[in-house]
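Below you'll find only one chain, the form predicted on its own, shown as structure tokens.
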């Protein structure tokens, strides 16, 4: 009988609230950034005290926290790095995610933390994987250029954990070594400064006449979604499935983590025990499609990404639902207290994304503030009191159904 191992589900956590949300919706581990040496320097990120709190929470739940130290540093950055690594060693995350060889060397010298090699390092074949293993790496996050078959080949010839991205924003420079922002905005993509110039609309000129042939976002990659490939991830021995998105909202974290958690559990149970899968993958995909996205592709996971992986129509996002708020407190059989994140009014149609799925849609009525005073409109950043909704738990996320799908 084939021996199968359920992959770890690894979620992004740009702040403590998203970390709590990720764990509530079933993430086995999260990756976070510190205030230095991280490629998402515009995320909220975690200072030393917050990092300790995050790790304590994770370990109390039997989960893990990985810290990104994946910037490509320059010589002027190096004097500060050993001190930062020693601080991380004292805090005790479950792994550091590293791109640079010099950072790897210093991390081995100044910490005892397991080391994961970032996708930025472009590990694309067994020889590089084995080389990183010899240097002390526990895991590689393979380059996004690879198909699942190619990941399996590395797995067959390398005694090292394999992590691959399964969902989220993509870059036309798949492993992330894009430098367009360096030239268009003076900000280094490989030091956390990307302004996503690849999403811009470009004019394509006739080389002979200089006339504009057409204008389009010609490098605007669609978002990655591979929920339908969960069985392949399991069968091919992938150790960890990584969801992109440390800059994304609690709605994103809840929706995506919840969908992949349910799919992984159901499909693994089916393969391991012969049970019928208790999840509707297509329905889960439709729920993901309702939130902000750039349309979806499987990237290079099935076959080499080509023109179909680019969204030439518009450079922004499309969505049918908005992030309305998050449940802070459930008063059983009485009320929900919701931290509002989007303007709401009497009569709006909303539902809740919960760890078990999406609730039945409700029409907002009998709205009140936290003191029970009735109201017809609620601005963001206030606490809304709603009538109790069955099966909605704390950290469930409320969605607002928009009157029409929007593109922004």
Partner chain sequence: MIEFVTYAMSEQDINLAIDAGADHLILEDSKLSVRSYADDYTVPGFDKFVTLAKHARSLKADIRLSANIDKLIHSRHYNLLDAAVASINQAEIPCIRVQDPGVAVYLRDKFSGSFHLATETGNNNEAGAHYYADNEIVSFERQILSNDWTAAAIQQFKASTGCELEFQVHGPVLLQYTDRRLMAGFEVDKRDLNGSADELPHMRQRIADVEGRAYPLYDNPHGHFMYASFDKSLYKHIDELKKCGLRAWLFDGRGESVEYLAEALRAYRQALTDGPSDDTYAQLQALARRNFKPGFFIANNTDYVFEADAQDHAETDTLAKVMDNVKGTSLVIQALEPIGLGYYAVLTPEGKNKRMHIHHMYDLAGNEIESCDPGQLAKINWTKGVYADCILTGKVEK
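Positions refer to the first chain, counted from 1. These figures come from a predicted structure and were not determined experimentally.
Another form exists, predicted in complex with its partner chain; not displayed. Remarks below refer to it.
At the 4.5 Å threshold, heavy atoms of residue 376 stay clear of its partner chain in the model of the complex, well away from it. The shortest heavy atom separation between residue 399 and its partner chain in the model of the complex exceeds 4.5 Å.
Interface residue remark: residue 370 is counted as part of the site for its partner chain in the model of the complex, having a heavy atom within 4.5 Å.
Not displayed here, its partner chain is approached by residue 382 to within 4.5 Å at the level of heavy atoms in the model of the complex.
Residues with any non-hydrogen atom within 4.5 angstroms of its partner chain in the model of the complex fall in just one of 89-97, 234-242, 308-316, 273-281: 308-316.
Among 180, 148, 288, 85, the residue placing a heavy atom within 4.5 Å of its partner chain in the model of the complex is 180.
Contact with its partner chain in the model of the complex, defined as a heavy atom within 4.5 Å, is made by none of 160, 248 and 333. Residues 72, 73, 74, 75, 76, 77, 78, 80 are the members of 60-90 with a non-hydrogen atom no more than 4.5 angstroms from its partner chain in the model of the complex.
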